[in-house]
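Just one chain is shown here, as structure tokens, and it is the form predicted alone.
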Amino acid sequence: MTRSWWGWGEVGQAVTGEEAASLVARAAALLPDHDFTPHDPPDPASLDLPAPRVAVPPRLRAVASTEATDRLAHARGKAFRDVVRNLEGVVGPLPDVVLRPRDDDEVAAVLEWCSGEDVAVVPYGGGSSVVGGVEPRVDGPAVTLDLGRLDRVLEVDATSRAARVQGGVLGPHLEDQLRPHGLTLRHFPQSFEFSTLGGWLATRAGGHFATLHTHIDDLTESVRVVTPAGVAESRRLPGSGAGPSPDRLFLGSEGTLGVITEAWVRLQERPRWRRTASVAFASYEQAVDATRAIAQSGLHPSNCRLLDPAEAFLNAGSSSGAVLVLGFESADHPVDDALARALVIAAEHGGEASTQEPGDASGAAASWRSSFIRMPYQRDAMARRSMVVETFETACTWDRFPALHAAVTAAAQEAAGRVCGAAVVTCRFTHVYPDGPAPYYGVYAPGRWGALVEQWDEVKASVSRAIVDNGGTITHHHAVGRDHRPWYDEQRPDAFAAALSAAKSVLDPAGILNPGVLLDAGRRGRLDP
């Protein structure tokens, strides 16, 4: 496959032809005065890139690249603001070199060289960050450490249902290697095709499944991390009360403490029974109450995704109001009874159900699944046509949700209306817990070519302020990166920030690992976005 250097996914999967025409027609119906003229990405050869500022030592030259497209492709993640800057040909901070180590020894050699030469190191998995987590936004030279060659399942323990896996493996390749054993990690984020196990661990990624084991944390048995101070490897255990968890130190560390090169992960048998249904609600408030009741029922649906009326209309083809998409699956037993009980709960809150047989491609649930995969490609297509199309997510307790939802929606609509003139704001629940939901918001607004990044940044600042002020987390599963730092600093306790800084000073004494992410860059000055 050929990855797009400027946008999401594969070049061959980009939105074109009838799909593009249909997408523009729907948007034009809402925004008849907007100019939907597409803007093509520049040829990388036409961009004036600065020359590399570092000389790679002989030992590492075989795994080093300074090719222009390689440096550009590794310079940013895949957020809306990343895509727009690429489309506009705005060259920001670039890695001087892209390094692709073949084993732990070469990872350690990179860290040793960069520590001695004061070169920043940005660990890189699939590059799907949407929060500035892989952008070398630092003062001075930087290299990107691409783990893509560390992509094998090294060992499978079928008795314990676990596997030792290298950190650079992409989601599909991981599942391909597990399939002959009849096992699965069962972790499918939206970025599944283009993100890695190491990236999931480093960012505490959330999977597609809405309840029970929602984060990669729940599936982690032990980790192996190469740091400038040495290798840290935790013991394989089903659980332990022996002090603070060493795994928890590195889960969510976003490449600031070390490079995750391997992990033992918990597996499951591949599911045999699946049932899905969609439930329509005339009242959004009743739909929220029904979702909460199901989340607290102990049924643990694999999918429990609530779409508000705007989200249901745009991405599930429904015009009947809010839609709850439900799914159950099991490798051990039929799930008809569980689905039936969930539908009874939904009916008690005014929901009208429509069930689907396995393989049925019709209905809101099937429409949602198809739309879910195409969303990032469609976002890129609309960005090319000067639309502001982006998302943000959070989590809060159920008692806080009504106030948070009202405040966040109002902030998004006010800010987007002010800088763009109009906006559609949508909400869906990506995950639900007994004590609260994880709302995921979408913003669709007419932008101005040449000002799209600034327009989105104003909206993002407003909604982030509303999230933190109303009891939400600045991120449920997108991570902190550089873009969420101001609000993350408010959310975490000061004493914890000091402890994290102390840990970094021991593990990364030269301060080379992903400077500016989670913590200040130390002696390295930060650059403006």
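Note that the structure is a prediction, hence the values are computed from the model and not measured. Note that residue numbering begins at 1 and tracks the sequence as displayed.
Just so it is clear, the following notes concern the form predicted together with another copy of the chain, a form of the same protein that is not shown.
Segments offered: 81 to 89, 138 to 146, 105 to 113, 390 to 398. Contacting another copy of the chain in the predicted complex at heavy atom distances within 4.5 Å is 390 to 398.
Of the heavy atoms in residue 62, none are within 4.5 Å of another copy of the chain in the predicted complex. For residue 507, a non-hydrogen atom is located within 4.5 Å of another copy of the chain in the predicted complex, even though that partner is not displayed. Proximity of residue 248 to another copy of the chain in the predicted complex: non-hydrogen atoms within 4.5 Å are present. By the criterion of a heavy atom within 4.5 Å, residue 386 is excluded from the residues contacting another copy of the chain in the predicted complex. In summary, among the residues 283, 296, 320, 370, the only one with a non-hydrogen atom within 4.5 Å of another copy of the chain in the predicted complex is 296. Of the candidates 476, 460, 34, 485, 476 is the one whose heavy atoms come within 4.5 Å of another copy of the chain in the predicted complex; the others do not. Within 4.5 Å of another copy of the chain in the predicted complex, a heavy atom is found for every one of 157, 244 and 493. Residues from 220 to 251 that approach another copy of the chain in the predicted complex with a non-hydrogen atom closer than or equal to 4.5 Å are 221, 232, 233, 234, 235, 236, 237, 238, 239, 240, 241, 242, 243, 244, 245, 246, 248, 249, 251, in the order they occur in the chain.
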